[in-house]
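In the block that follows, a single chain appears as structure tokens, in the form predicted alone.
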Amino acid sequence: MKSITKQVVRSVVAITFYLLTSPLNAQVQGVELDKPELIPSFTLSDKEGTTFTDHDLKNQWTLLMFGFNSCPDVCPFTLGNLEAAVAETAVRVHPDSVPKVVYISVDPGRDRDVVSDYAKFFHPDFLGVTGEQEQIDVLIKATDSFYRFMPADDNGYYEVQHSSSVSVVGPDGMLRAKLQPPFDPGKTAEFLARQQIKFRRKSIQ
């Protein structure tokens, strides 16, 4: 857990600078898909070996984000942003409809044993998983995301370029919207609540 804390603490200065220099009027930056896309079969797991699959997307709202634990700014900022947005959403929707946040590390070689602790550092209900590269790639393709391992330096350290968007998956396992940070927690909560209202209306038609 100490290594997780150090990783997050190293990001504080970068995040603080980002917050101070970014626009104060952060928007939702949410885009609803014209045609929802079904998330295909996949299997990931946490450090205890508990699996997370496409079946776990059913009957709940899920927010999926990709990253890696050594990320200096985007990942910790987005996870913190999500914590605030989900807290705001909880005020607007039924407790059973509060979205589940799932952080997926695209860097299993370094993060397999610590991804769960990293996600829970931001909120105890956040789920952190990773898995075999081909399983990660299934979700990357399905959510129109990307990642790229950069060349390692002389010390063996390498960065990972990756998309920062957050995928909104409905209770039917369909990708329904994308969020792009930074997003205003209140406005994002309203966007997510509207997504749920639209989904319920279509379900009863």
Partner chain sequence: MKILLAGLLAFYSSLADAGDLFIRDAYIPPLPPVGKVYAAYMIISNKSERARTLVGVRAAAFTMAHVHESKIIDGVASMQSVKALEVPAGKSIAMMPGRIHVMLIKPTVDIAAHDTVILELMFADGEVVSVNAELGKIN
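Every value quoted in this text rests on a predicted model; they were computed, and no experiment measured them. Numbering follows the first chain given and starts at 1.
Missing here is the form predicted in complex with its partner chain; even so, the following discussion is about that form.
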{"query": "Exercise: residue 161 in contact with its partner chain in the predicted bound form, heavy atom 4.5 Å", "finding": "yes"}
{"query": "4.5 angstroms heavy atom contact with its partner chain in the predicted bound form for residue 99", "finding": "no"}
{"query": "Close approach of residue 88 to its partner chain in the predicted bound form, 4.5 Å, heavy atom", "finding": "no"}
{"query": "Its partner chain contact at residue 84 in the predicted bound form, heavy atom, 4.5 Å", "finding": "no"}
{"query": "Stretch from 53 to 61, 31 to 39, 135 to 143, 161 to 169 whose residues place a heavy atom within 4.5 Å of its partner chain in the predicted bound form", "finding": "161 to 169"}
{"query": "Its partner chain in the predicted bound form - contacting residues of 107 to 133, heavy atom within 4.5 Å", "finding": "114, 117, 118, 121, 122"}
